[in-house]
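In structure tokens, the next block holds one chain alone, the form predicted on its own.
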Amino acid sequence: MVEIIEYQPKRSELGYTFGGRTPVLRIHPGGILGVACEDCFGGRIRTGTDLPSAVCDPQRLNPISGPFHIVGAEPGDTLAVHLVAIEPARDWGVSATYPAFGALTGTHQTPNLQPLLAERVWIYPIDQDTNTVRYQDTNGLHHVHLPLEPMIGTIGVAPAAGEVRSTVVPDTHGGNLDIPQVRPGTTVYLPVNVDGALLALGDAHARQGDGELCGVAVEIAAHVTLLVDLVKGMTIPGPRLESDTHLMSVGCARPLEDAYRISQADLVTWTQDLTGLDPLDAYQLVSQAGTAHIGNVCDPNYTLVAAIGKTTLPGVIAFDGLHQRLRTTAAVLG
């Protein structure tokens, strides 16, 4: 029987930064961690009348669990985090529109002269037996069942050089990536910037559309099971993802085209390294076979995911087959 280390943070133990915090547990590479994560509102929104501006502290949004010290992790290594399961902790999720936040309203970075959008809350019942979440409009006239597709919105490590970053910001350390592909069955690779890496995560979503248009997904508290491993002596410039079918590179920046360039440039470089292709040949292959997915267009940095199917790269094995080994271990967990 494989042992799982469980961590249930108290509210006072939740964090709001990557970096600048003392680790709560030490995890050895190959370890399995079960961790409770709160939703982005800290569980304070429970009904349609609980407006974020009234019940939430704006300095206490997007809480994360951790950080976890990964034994033996040193700057220049790569941390591998394989998501085994994301189980909603409640039978409902919550979404909202929030003044001066989201892709289709004025913000401090995109000011305009129009009135701010109204603040409103939607509660989504979750049915795990049918794997659905139920959308219903404010007037109760329209509803639809959407697939339950749990994901982790925020996952990362401590930034380099002693920097401390808010949990709402995505960047090369990870953070608030809001990428639907960060889901069970995916391995997330993160650059190690400090001793122990200091992994932390939270902000689970029952589902999210590409771009997280209004700025808020179907936010949930969740119990997350993950496997942690380490690639010694291999440096990556930012987050990478691997599923059974795709290799993916993540870019975080504003404007959106810079995030696109970062993700695509890393995927071209990764493809070149894995195949031995000439740089322009790798560029050409990704140009014709690659895809792009929008993570978010609402956070302080936007996120783009560049992806290429593994069938396009026959015989290529990333990170010495670590993803498949982690998948095999995950299968033992059931």
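The structure displayed is predicted, hence computed values, not measured ones. Quick note: we count residues from 1 along the sequence shown, nothing fancier.
The protein also exists as the form predicted together with another copy of the chain; that form is not presented, and the subsequent description refers to it.
Trainee: Hey, of 302-310, 48-56, 64-72, 35-43, which bit sits against another copy of the chain in the model of the complex at 4.5 Å between non-hydrogen atoms?
Mentor: Going through the listed ranges, the match is 302-310.
Trainee: Consider the chain as shown here, without its partner, and state which of 85, 89, 160, 231 has a heavy atom within 4.5 Å of another copy of the chain in the model of the complex.
Mentor: In short, 160.
Trainee: With another copy of the chain left out of view, which of 261, 223, 246, 183 would have a heavy atom within 4.5 Å of it in the model of the complex?
Mentor: In short, 261.
Trainee: Residue 238 versus another copy of the chain, in the model of the complex: is there a non-hydrogen atom within 4.5 Å?
Mentor: Residue 238 lies outside the contact set for another copy of the chain.
Trainee: Just to confirm, residue 127 within 4.5 Å of another copy of the chain in the model of the complex by heavy atoms?
Mentor: Close contact is absent here: in the model of the complex, residue 127 is far from another copy of the chain, nothing within 4.5 Å, heavy atoms only.
Trainee: Taking 4.5 angstroms as the cut-off for heavy atoms, does residue 286 touch another copy of the chain in the model of the complex?
Mentor: The answer is yes: residue 286 has a heavy atom within 4.5 Å of another copy of the chain.
Trainee: Are any of the heavy atoms in residue 80 no more than 4.5 Å from a heavy atom of another copy of the chain in the model of the complex?
Mentor: It does not: once another copy of the chain is placed as it appears in the model of the complex, residue 80 has no heavy atom within 4.5 Å of it.
Trainee: Do any residues of 234-271 have a non-hydrogen atom within 4.5 angstroms of another copy of the chain in the model of the complex? If so, which ones, in sequence order?
Mentor: Heavy-atom contacts to another copy of the chain in the model of the complex: 254, 255, 256, 257, 258, 260, 261, 262, 264, 265, 268.
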